[in-house]
Ligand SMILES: CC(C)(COP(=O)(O)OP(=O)(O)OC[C@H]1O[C@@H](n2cnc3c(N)ncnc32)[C@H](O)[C@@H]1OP(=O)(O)O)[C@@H](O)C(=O)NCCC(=O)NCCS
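The form predicted on its own is given below as one chain in structure tokens.
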Amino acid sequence: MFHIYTLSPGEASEAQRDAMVRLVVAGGGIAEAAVRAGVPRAEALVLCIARGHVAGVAALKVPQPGYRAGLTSATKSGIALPPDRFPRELGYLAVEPALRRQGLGRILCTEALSLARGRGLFATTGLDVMRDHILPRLGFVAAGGIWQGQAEPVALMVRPGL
């Protein structure tokens, strides 16, 4: 049994933020320093609490201009991500191994999408299950080229505003 909670970064306890960072970093592909810097800037955090601890996470992120510009460069996606069309990023999705393949990733993403209130979103992922299954079922489509991330090829996915 698990429970889903939505919090602002300021409402999350230090222990919850630390657990979120550990889960995201354990999933690979994102450096700890980047996650620690990004979590406090998020618009919202979605936490799954199971057996008394943080077992899954997602965030509705506020992308920084430099990060956004890097994603649109010719060495990455090569396409524009106008802030007025895609103001937020769905990110920091991670689920502890024992709870994977039970639909929790989709539940966390769906909760984050509800917080976007119809605004356009983008996401980057190096995980096949996200790129090929979870994100497309939530209205995301691949956009631009695929580039080499830290550990695997990364794709940009976009979901226009409704």
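Small disclaimer: the values here were computed from a predicted structure and weren't measured. Position 1 is the first residue in the sequence shown; the rest follow in order.
Absent from the display: the form predicted together with the named molecule. The rest refers to it.
- Site annotation in the predicted complex: the residue of 113, 44, 134, 54 reaching within 4.5 Å of the named molecule with a heavy atom is 134.
- Residue in contact with the named molecule in the predicted complex (any heavy atom within 4.5 Å), chosen from 119, 106, 36, 68: 106.
- Shown here without its partner, the chain carries 64, 82 and 158, none of which come within 4.5 Å of the named molecule in the predicted complex through any heavy atom.
- Proximity of residue 129 to the named molecule in the predicted complex falls within the 4.5 Å heavy atom cutoff.
- Although the partner is absent here, residue 48 is not a contact residue: none of its heavy atoms lies within 4.5 angstroms of the named molecule in the predicted complex.
- Residue contact with the named molecule in the predicted complex: residue 60 places no heavy atom within 4.5 Å of it.
- Heavy atoms closer than or equal to 4.5 Å to the named molecule in the predicted complex belong, across 84 to 107, to the residues 93, 94, 95, 99, 100, 101, 102, 103, 104, 105, 106, ordered by sequence position.
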